[in-house]
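Structure 1 and structure 2, given next as structure tokens, are two forms of the same protein chain, each shown alone.
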Structure 1
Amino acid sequence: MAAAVGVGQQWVLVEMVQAFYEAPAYHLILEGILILWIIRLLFSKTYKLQERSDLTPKEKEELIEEWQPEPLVPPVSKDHPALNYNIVSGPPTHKITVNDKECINFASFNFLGLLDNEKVKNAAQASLKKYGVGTCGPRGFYGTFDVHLELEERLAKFMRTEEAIIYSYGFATIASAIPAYSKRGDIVFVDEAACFAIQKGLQASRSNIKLFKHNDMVDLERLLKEQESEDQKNPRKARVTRRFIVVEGLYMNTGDVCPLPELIKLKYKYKVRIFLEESLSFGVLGEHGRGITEHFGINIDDIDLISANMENSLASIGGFCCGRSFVIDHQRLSGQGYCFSASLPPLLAAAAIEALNIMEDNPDIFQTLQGKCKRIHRALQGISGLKLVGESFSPALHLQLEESCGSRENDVKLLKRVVDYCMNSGIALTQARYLEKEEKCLPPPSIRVVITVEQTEQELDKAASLIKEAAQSVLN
């Protein structure tokens, strides 16, 4: 059979050669031309789509000579409102000396008054004596101290989650956590009033960002439904696209809380994960200060990741994320601010641990703080020219102008006069600062009013009446 096949093949070959001889001339010539054309195309140079510059070296030199870059930074006018900082002499505690004036502090986020606490300072001193100041290394390379491990355990236990991870800077916490999970192609639904750190985290993650109106669950549901219909068109892509909702417990820019129970319902309905940023609500809301999940009575495992900074209630520096080990452990290798940065100085970690101890031992300070917040919220209602923005139990409120006077610059100047009036009379306030060109949804200019547990009722009343006076004199 092989022989037969061989003969068959031979026979085909013979036929081919015969056909070749018998073909008409023009046929052969045409085929020859085509073959030559193919060879030419194969060996000719490929053309780039952008035309090569045919500039001579002399012309290039001229172009290089002529090019003038912009100055590295544009000049800043001397009286730019953000250039002249308030100088605080001494510690920024309850009684603060700002610009050589003694005032009562209504501007530092020292909600539980732990900045000045002797026990906290002593714990930090002990740590300083044992470890020195710096850690001289990132967590991976001999920068992990037993204090860090202890703080992580304590935070996890306090928040009743499986694991916690510490960062050495509050801003870097959420800005590193979001890009660790959400990558290009994933979808994030974020509230319009999210703080700048969240915005930077989202920008670093390169995911698709969908903004929904502040605290508007209807708008969020609309976006989720739109996404669902998109998914049905392309189910294979939908199966690998991760979805997240990023909200804050207590919004820094508006002073109100997010409707967490509705968010949980939406989470399970549309299969989206929730990242909760609790910088302001940690140590403020809830019966024991565990934040907004305790405030609403929600199972903490329903939230995939809680991130907070320790610079507000805990009066230290740094931040932490807590949640289930499944989620948190990933950040130990892919959280940029964790892996590539030096760890938190041990004295600050020890201060945070002591602050946590105090929080656990005195759960009544949260109620006291809430009482004071409610008091000043009532007292600041009805000021002519200024409106109070924020929930009654929020310790960080905003006073915005009722009517803008046309331009943001003038609004800022007007508010500055109110702030200066108050500072001259002994109440330290500050305007809320924003980067006007960088924010996605710039909040209107406002004065920040911060309530701490150390302020007495007389001081609260004094502050309220002083602000009323200032508003009267400046705005009318």
Structure 2
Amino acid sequence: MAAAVGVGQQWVLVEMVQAFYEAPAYHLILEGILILWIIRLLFSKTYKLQERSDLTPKEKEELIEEWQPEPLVPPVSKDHPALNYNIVSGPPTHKITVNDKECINFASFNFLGLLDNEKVKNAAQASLKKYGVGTCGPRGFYGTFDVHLELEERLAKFMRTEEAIIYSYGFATIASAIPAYSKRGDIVFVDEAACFAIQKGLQASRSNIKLFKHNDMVDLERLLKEQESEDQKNPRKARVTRRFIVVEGLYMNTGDVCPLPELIKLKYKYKVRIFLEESLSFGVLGEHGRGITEHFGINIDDIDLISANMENSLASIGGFCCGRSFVIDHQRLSGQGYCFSASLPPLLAAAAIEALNIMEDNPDIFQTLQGKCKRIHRALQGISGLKLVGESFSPALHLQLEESCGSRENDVKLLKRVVDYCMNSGIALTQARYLEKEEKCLPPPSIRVVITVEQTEQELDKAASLIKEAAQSVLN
């Protein structure tokens, strides 16, 4: 038995030697290199100790005394606007008390005057007694109350869509909706004047962003044609790449309306999806306040997703998205602000429902608002040194300097003097604020003028006259 084992081992050695002689030369060379490399790894040190000289205690103390830590935040001057804010006492309704001075409110987005409405407050108080203050849980974890479902149903019915979903924070609504659908590798065509919430949503999506000039459909079509040519070169990649157009109904930063009819034509021509942010146009445009689709008479099914906050016309908190059921249901699993934030406090949901009731029962309120917007738009024309920006039917207008002082900082200071002049005379205005280092396309400094249904014609005329007087005093 032992002899048989020995013969078998000899036969194996013979086979190995024979295979060695029959192997090609490159194979032997490669194996030799690998063997040498393994031997080197086994016997070499993983790191080399660097020679150093120990410091004496005195030298260490000197180095410690010389060391200066970098500041946690960059130095900020004491007169920075963020550190010198105005203090409001009482509700920011038609009359607002700022720094202990009562003024007519031309600063808050209380377009329909529902912030201090008795019906809305009574609905919120009744909900407070029934449900308490908050929810202490996201919608998927015992944070869904019956009043949330009622509000979603009412919003979907009001907007004439299949379904709606509500968020507890207006800013997070579109910022969560965009990355729920658009992912890495997808392409988003977005207006360069898009608000900061849209920009944060685009950043979270990690998609390829292509900016087109503000409301310039020729520039947008140029980008769409370029993408069409790229898709033809790589049809396999094009089949799995989603394409979106993201616009605002009324632009927060400009007060301009988007050319929605032209966008619809481009949508079907180039097979892209449209996301429409209507925070400024919801409850403002259209015969019944349904927004820009009603304003232009466009079928709402032509829009893939509509988003708006409830912090302007509805005078509540939070936001909503509406559209087809399969589109909205996807957000219940992928919308970050919906899945991970505590749900909307029931009292705010009840307030929003009552605000919808008022909008439905008083459709004339939208025509009243439009008339007041047009009145002050005419009155603010031709102010020396200031340029009016925004549509005549926009409830938020911008006044920009006709000529810059040479630096953004000086422009902001000059406009602040105009705001302060008006404030001292009983008209509360505000400057548009931006995170200057994070904005993709930073808008020029401006004074924002907000119109509501509560302002009388005399107050509108007074505000326009006072702004002209302030401009003449400060700018000239």
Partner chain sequence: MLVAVLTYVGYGVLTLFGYLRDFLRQWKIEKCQNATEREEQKDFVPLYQDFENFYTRNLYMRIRDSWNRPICSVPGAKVDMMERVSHDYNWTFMYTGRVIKDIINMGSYNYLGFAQNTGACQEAAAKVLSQYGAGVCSTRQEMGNLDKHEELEKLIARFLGVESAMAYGMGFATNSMNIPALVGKGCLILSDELNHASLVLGARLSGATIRIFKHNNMQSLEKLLKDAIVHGQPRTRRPWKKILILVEGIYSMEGSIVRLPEVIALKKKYKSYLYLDEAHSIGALGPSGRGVVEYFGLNPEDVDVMMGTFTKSFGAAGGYIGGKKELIDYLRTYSHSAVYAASLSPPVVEQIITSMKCIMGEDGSTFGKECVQQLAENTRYFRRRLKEMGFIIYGNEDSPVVPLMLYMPAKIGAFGREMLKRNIGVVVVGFPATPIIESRARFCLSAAHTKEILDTALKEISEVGDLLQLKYSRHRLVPLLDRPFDETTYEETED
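Residue numbering: structure 1 sequence, from 1. Fair warning: this is a prediction, and the values are worked out from it, not measured in the lab. So that the term is clear: the rigid core is the largest set of C-alpha atoms that superpose within 1.5 Å between two forms.
Index of the chain form predicted in complex with the partner chain, chosen from the pair
Note: form predicted in complex with the partner chain is structure 1; the other is not.
After fitting the rigid core, is the C-alpha of Gly32 off by 2 Å or more between structures 1 and 2?
Shift of 2 Å or more: yes.
So, does Leu63 move by 2 Å or more at the CA between structures 1 and 2, with the core held fixed?
Yes, shifts by 2 Å or more.
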